[in-house]
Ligand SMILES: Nc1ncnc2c1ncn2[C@@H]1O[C@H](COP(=O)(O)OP(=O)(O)OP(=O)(O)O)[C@@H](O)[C@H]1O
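In the block that follows, a single chain appears as structure tokens, in the form predicted alone.
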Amino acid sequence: MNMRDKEKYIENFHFPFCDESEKYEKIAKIGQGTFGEVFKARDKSNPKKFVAMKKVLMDNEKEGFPITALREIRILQLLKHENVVNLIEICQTKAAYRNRYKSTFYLVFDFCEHDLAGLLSNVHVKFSLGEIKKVVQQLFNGLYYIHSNKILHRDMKAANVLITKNGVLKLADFGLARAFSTNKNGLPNRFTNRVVTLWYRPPELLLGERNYGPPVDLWGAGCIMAEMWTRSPIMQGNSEQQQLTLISQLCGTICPQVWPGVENLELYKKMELPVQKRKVKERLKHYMKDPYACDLLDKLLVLDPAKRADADTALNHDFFWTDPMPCDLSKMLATHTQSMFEYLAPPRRPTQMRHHSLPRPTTSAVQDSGYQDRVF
């Protein structure tokens, strides 16, 4: 087949299970990152229906369809739950002369009006304790479901937590997710530890662990939970070493006495691990004020992953079963008519964190806190 015939064949080829992206009209860009771009779009056949379109990055077109995107699609097709983002379909642009006969593929999702980072960056959005409980409870419901289905998210952060205008939380961006299993033939798993945005990365990954499981997501969930009060990520390191220092200053010394076996991790002797007293409750009680909230956070930000609370334990914690009970978010969200996404939020000045401590709990800390997404 000569080049012209090949081009004609591609142009006329019909994908029976993959609609053309022209059925949607892009309205605005709502996300940008290492994963590519996300757009808000309208269904042309039903103008009241909005979707989110995530562009599949085709970096190595010679390699065919990216394996990472195939993994994400497979996982999203498996997961169907109220607190997990819903993949509607995959669609593509028509291959033609104008795009060098190369289709662009999009993952099409139900549209969610906000992400948690966008909501928390807006000083006018105020959550009551009952509303905070509802957000955190849904977060653990989503994690309980994906972990029960043997899926690790591996990129828990506030920007990957979507919230609809009706107050339903959805775990999103499964670009780094993977299936996990208990060790095969008694051999430990060898997963990559280059996952999770630095500020939310648990100590076991920072120390080089490759045989890990659901606790890596629970650490991130703890960081997100604290952020519901602090309105800014609680540990903003700019390197793996600094992140470990910040973790030690909040959660105490990383040593075999509190974490048996940590000395066997690849980077344990290569990293500087300061000797510190554990101060999770002490440092966060000024923000959280609720003793049950402090206690749950204390059980999530546990250095030893084997002792860290899982999603089921978290959901059964007294925090969710004492007054005020978790309550509906839709009434509060109805007062905010514009979508709030981290990508659309005005850039905020990074705070100089004196002695690596948390910013003081004032409104200026909320406005000035830096929220730069660092992925290593």
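Residue numbers run from 1 along the displayed sequence. What you see is a predicted model, and the numbers here were worked out from it, not measured in a lab.
The discussion below concerns the form predicted together with the ligand, not included here.
### Message
Just to confirm the contact call: exactly one of 228 to 236, 295 to 303, 206 to 214, 155 to 163 touches the ligand in the model of the complex at a 4.5 Å heavy atom cutoff, so which is it?
### Response
Only one stretch passes the 4.5 Å heavy-atom test: 155 to 163.
### Task
Please check if residue 308 has a heavy atom lying within 4.5 Å of any heavy atom of the ligand in the model of the complex.
Taking the distances in the model of the complex, the answer for residue 308 is no, it never comes within 4.5 Å of the ligand.
### Query
Is residue 290 one of the residues lying within 4.5 Å of the ligand in the model of the complex, judged by heavy atom distances?
No.
### Task
Indicate whether residue 329 is a 4.5 Å heavy atom neighbour of the ligand in the model of the complex.
Residue 329: no, not in contact with the ligand in the model of the complex.
### Query
Are any of the heavy atoms in residue 112 no more than 4.5 Å from a heavy atom of the ligand in the model of the complex?
Yes, contact at 4.5 Å.
### Of 314, 38, 56, 41, the one that lies within 4.5 Å of the ligand in the model of the complex (heavy atoms)
That would be 38.
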